[in-house]
Every structure is written in C-alpha cells, then in structure tokens.
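Shown next as structure tokens: one chain only, the form predicted on its own.
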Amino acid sequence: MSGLADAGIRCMMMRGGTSKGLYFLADDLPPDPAERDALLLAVMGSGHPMQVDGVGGAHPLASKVAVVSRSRRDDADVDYLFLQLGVDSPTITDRQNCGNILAAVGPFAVERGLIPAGPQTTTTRIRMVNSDSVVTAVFRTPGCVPEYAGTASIAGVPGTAAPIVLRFTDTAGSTTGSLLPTGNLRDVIDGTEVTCVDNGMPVVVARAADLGITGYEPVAQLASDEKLADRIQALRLTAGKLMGLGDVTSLSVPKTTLVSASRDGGAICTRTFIPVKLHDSIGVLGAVSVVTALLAGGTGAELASFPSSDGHVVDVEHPSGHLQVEVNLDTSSDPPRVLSAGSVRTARKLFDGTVYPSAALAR
C-alpha cells in the first residue's frame, strides 16, 4: 500500500450529471477490496469534514468513485462499480448505483482505450456491477474522440455540454430484489404514509406536508431543520428494515424524497435527502424510482400532474430546476412491471493525471 501512496495512482476526475467523482481503471487499484477501499478513502480524504488531506469535495455529491474495466459478459462492453465514500466519516459502500457518475463512464472508457469510439457517436453497454444490470449509453465522439462541449443543459450544472443518452434495463429491484421491497404499494411508518420503491435506487417517498413542510422551501432552510432531519432518519431506519436492507444507519440508502404538487410546470416537486442531508437536485435513478412510485399509484400520486401525451417523459422539479426522466410502466400487472427507463445527462473531463493518497490513511 505504501508503494502506491508514494508512486500515486492514475486517476481521472470527471463531472457526471450533477455529481463529481474520481474514475479509475480496476487494474490500477489493488485487487483486494479491503486494500482498495482503504486506498480510496485516503485518496478522497474521508474522515474529515473538509476532506482537507484528499481530493474530495467535502460533500456527498463530490465524494464518489467509479471503478471501470472491460466486461467479461457477452451483454456488456464495460463494467462499472460505483462506490460512495463518506465525507466526515471514513466509510465506503457499494450498496447503491449512481446514475450521475454513470453518465461519464462511456467517455472515460473511450479515453482509457477500453472500447473503440465511433466516427460520430458511440453506443456502449455498461454493466452496473452494484445491481448487475445493464444500461446503454449513447454519446458523441466526432473523429473518434469524446466530445464534452455541446448545447444540452441540465439543472444543477452551469452552462451546457454534449448530451449523453442513458437507457436502463433490469433496474427493478436493483438493490433490494423487488420493485416494491416491502410487498406493499403503501406503508405507514410512525404514522406517516410512504411508498418504498426500488427502480434503480431504493427510495422512501413521502408527502412533504405529512412531515410538516410545504416542499418548496429553499435548500438552506431545510438543511438547518434538525427536527426534520431526525424525522427523516427515523423514517428511513425503519424503512430500511422493511425493505430488507437491515440496519442502514451507516448507509446512504434508502434515500428519502418528499413530494409536493408541482409549481413550475413539472409533474411533481421533490426534496431529496442523502441520507439526511438535503440534495441540491435529485439523482437520476432516484428520480426514476420516485416517478415509478407515483405512476404506480403510490404515496403522493394524487399530487402529480403527468403529461397526457403518449410519451413517458416525466419532468421532475427539484431545488436546482428540472430533471426529465423516462419511465414506461405496465400497471396492469401486480406488482407493476417496469418496461423501460431512461434519461439525458451530460459529463465533462475535469483532469487526468496522478493522485497521491495520504500515506498515513492508506493503511
């Protein structure tokens, strides 16, 4: 381990969607998971609220890692393992996916020579190791080089960039094994009605009003509400057990999303907590799960205003703006059956080089 700390590790930092993370080739990291995790925590500087001795961004959305390799499966081109690292505590977990960090995996795979690039666009199949499901990513590669500049905009990210189209398959029950892991469309936890859903991300959906807020409050106001944080933590701890996740005290899942009626032309307004820290926006797979719960008639469905067209694109409002996701659900079956899901994201390469972990932490 000390050798890697001294020599450094090849690393690329990328923005994927509204998150930022470190991207590594699996071959550049220790093969032993325990050694790998210790090294990554040291690289990120986890265990300090500012991650001052590492390259972490002092926020859960900027304390993420993608480990990428060629896939050995016939139905995928590359494997992507997502790791969520703690900030003020030295924790690391693979118990969830991340659809935002996923957005940059395709371009990273081209950058590292794992897959060939097309002359204009590249389509690649990415196996999300965390859930053993496959997503198809389509992104621009004019001249067989990833293009990051473009005209697509996503809320929560300044400026514009090239679009990356993600199409998900087999996301239902990605972590828990079931779309509705409690076996119910609606449950009551400590007097609060919720829907526990897992369509790519385990999420507890509740009405904002049932927790004493409007759901339109700005981030700073909700972030300082300690009573709300306590209620959300109690809610998700119980939900975690009901969802078969066990004791989720140290996990970032399930996430909790509070919903209220839209007020900016979207289908629903959301406030999402990871696990009790308010998200400035909403994650891709988290939004897919929330929309799935609402389309299925779960908690808060009466608040939603879905488009009347034949399309399945749903506009989700969040503190930073809007996120559009596509969910095609067969509600005639019991439980509902997920036919497809997708989203448009953007990504950008931030730096490519060598990162040096703290030798004191990488033990």
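A quick note: this is a predicted structure, and the numbers were derived from the prediction, not measured. When you see a residue number, it is the position in the sequence shown, counting from 1.
From this point on, the text means the form predicted in complex with a small molecule, which you will not see here.
Although the partner is absent here, residue 109 lies well away from the small molecule in the predicted bound form, with no heavy atom inside 4.5 Å.
Contact annotation for residue 19: at least one heavy atom lies within 4.5 Å of the small molecule in the predicted bound form. In the predicted bound form, the small molecule stays beyond 4.5 Å of every heavy atom belonging to residue 127.
The small molecule in the predicted bound form is not approached by residue 154, whose heavy atoms all lie more than 4.5 angstroms from it. Of the listed positions (100, 292, 171, 270), a single one reaches within 4.5 angstroms of the small molecule by any non-hydrogen atom in the predicted bound form, namely 100. 282 is the sole member of 282, 164, 135, 194 with a non-hydrogen atom within 4.5 Å of the small molecule in the predicted bound form.
Site residues 64, 201 and 274 are all in contact with the small molecule in the predicted bound form, judged by any heavy atom within 4.5 Å. Considering the small molecule in the predicted bound form, the lone stretch of 114 to 122, 208 to 216, 235 to 243, 92 to 100 in range is 92 to 100 [heavy atom distance within 4.5 Å].
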